[in-house]
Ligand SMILES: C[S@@+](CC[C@H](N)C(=O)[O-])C[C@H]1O[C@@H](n2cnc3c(N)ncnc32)[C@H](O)[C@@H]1O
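Next up is one chain by itself, shown in structure tokens, the form predicted on its own.
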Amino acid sequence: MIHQDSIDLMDVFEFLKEVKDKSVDLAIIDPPYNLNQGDWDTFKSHSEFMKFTTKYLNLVINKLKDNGSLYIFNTAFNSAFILSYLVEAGLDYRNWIVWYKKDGFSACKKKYVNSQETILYFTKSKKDFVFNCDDIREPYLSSDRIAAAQSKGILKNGKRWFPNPNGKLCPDVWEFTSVRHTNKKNGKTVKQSHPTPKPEPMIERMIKASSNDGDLVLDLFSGTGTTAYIAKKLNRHFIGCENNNEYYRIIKERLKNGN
């Protein structure tokens, strides 16, 4: 039996079988990428990886409310296949979000250096879904121009435009430094408790944008529990699973201690 407002130590498929259909407002999925980060991220082939991916996505779709939303992380290559699958499954495509990781130097000389990951954003409905655009506004880039526009405005298409005091609407390119680089000690990167943690402010943006107070957030492949932790911080309910004992221990401590 799964427990609300806690993460269960369970296999993802066994867990999803226990989740009530049409009960989830927002699903944030940080799944395996098939990049051999560990046993959990290693598959015999791309075909086997996609079979695994579509199997859990089929279950997730059933768990989403009719006005629910879904974010899923992956590589750009994998995301092209996942996007096609989700469209065929009937979900409504919203955005291909590029996460610019600012992850330091990478010595890649046979192609362009990879400095991003993909986040696909889908909703179950074309029109009826939560998107709190004003809760995730960003600072304007040109502070001098915006300061001048506050009093006189800027002429656009024959109309006067005045800047929003809370900043500009959020774009689909997100600049968040990787956790590996924000947790440096004495200028050096250190080994993380999980190989692929996601920045808390990025998860916070998703939850603020696509859910409201009291909504239920699904945290699959929970890792160290960042999504659950932020959901709790933002007064959302959450459910989720992790099948690694060490990561599960970290999640329990994190949710208990609030850090």
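We number the residues from 1 along the sequence you see. This is a predicted model, so every value here is computed, not measured.
The next section is about a form of this same protein that is not shown, the form predicted in complex with the named molecule.
Here the chain stands alone, but in the predicted complex its contact with the named molecule, taken as any heavy atom within 4.5 Å, falls in 25-33 among 208-216, 230-238, 64-72, 25-33. When contacts are defined as a non-hydrogen atom within 4.5 Å, all of Pro197, Phe221 and Tyr247 contact the named molecule in the predicted complex. Among residues of the shown chain, Val12 is one whose heavy atoms approach the named molecule to within 4.5 Å in the predicted complex. Phe52 belongs to the set of residues with a heavy atom inside 4.5 Å of the named molecule in the predicted complex.
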